[in-house]
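Below, in structure tokens: the form predicted alone, a single chain.
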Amino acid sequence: MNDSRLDDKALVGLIQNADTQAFHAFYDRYVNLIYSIAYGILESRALAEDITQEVFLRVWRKIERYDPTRASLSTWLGVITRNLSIDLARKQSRASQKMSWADVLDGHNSEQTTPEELTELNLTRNRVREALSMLPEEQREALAMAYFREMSHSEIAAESGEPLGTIKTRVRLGMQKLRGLLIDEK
């Protein structure tokens, strides 16, 4: 069988029946498109290759999700590639911007020039550091991800493997405890 003459609909049908020859033809037909989209977003050969591999793996596992009445095959692949690439780019960006509580609490603000302002800043940092130390580790980590890495509750849940409700509770309880601890100390 010469798979290069098959149209996309026929290829999809064969792939749904686990035809590896059809999948190879499908790969040859779309690898450049997928890689190009991923590389255009990520600007990294290695990451674009990873995304390309992930897209083809998803297609092999979930080809039944493709609905030809909603989009052409190339459009569907483009959307998958774009979404995975953007998700990875965001994750890479957050990882490079990751801050810890120590970074925030020990940072020096060059605009605080007077000894009085520096003393007040150090006292505030000490109060916050002490209050944070009283929080359970899970709440500290959830707060750090939410506020310093600017992650949504859903993103925190996905990265930590915890249920969304658990993450929401940890952030809310952590903020309530911090507020209570810091207000009580004034």
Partner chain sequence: MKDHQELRDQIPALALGILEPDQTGSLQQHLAGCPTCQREFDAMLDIVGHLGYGAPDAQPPAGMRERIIRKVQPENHAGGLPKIGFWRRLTGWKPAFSFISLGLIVVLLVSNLLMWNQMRPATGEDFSTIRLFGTGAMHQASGLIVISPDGQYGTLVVSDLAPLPADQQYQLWLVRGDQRATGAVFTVAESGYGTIKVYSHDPLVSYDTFGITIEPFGGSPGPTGEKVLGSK
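Positions refer to the first chain, counted from 1. Given the structure is predicted, the values throughout are model-derived calculations rather than measurements. What we label the rigid core is the largest C-alpha set whose atoms superpose within 1.5 Å from one form to the other.
Although it is not shown, the form predicted in complex with the partner chain is what the next lines describe.
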item	value
In the model of the complex, residue 32 touching the partner chain (heavy atom, 4.5 Å)	yes
Proximity of residue 121 to the partner chain in the model of the complex, heavy atoms at 4.5 Å	yes
In the model of the complex, residue 9 touching the partner chain (heavy atom, 4.5 Å)	no
In the model of the complex, residue 166 touching the partner chain (heavy atom, 4.5 Å)	no
Stretch 143 to 177 - residues with a heavy atom within 4.5 Å of the partner chain in the model of the complex	143, 146, 147, 148, 150, 151, 152, 153, 154, 168, 171, 172, 175, 176
Core superposition between the shown form and the other one, C-alpha change of residue 158 at least 2 Å	yes
C-alpha of residue 21 moved at least 2 Å between the shown form and the other one on rigid core	no
Post core alignment: residue 173 C-alpha displaced by 2 Å or more between the shown form and the other one	yes
Inter-Cα distance between residue 76 and residue 151 in the model of the complex, nearer or further [3 Å or more]	closer
Closer or farther in the model of the complex: C-alpha pair residue 151, residue 43 (3 angstroms or more)	closer
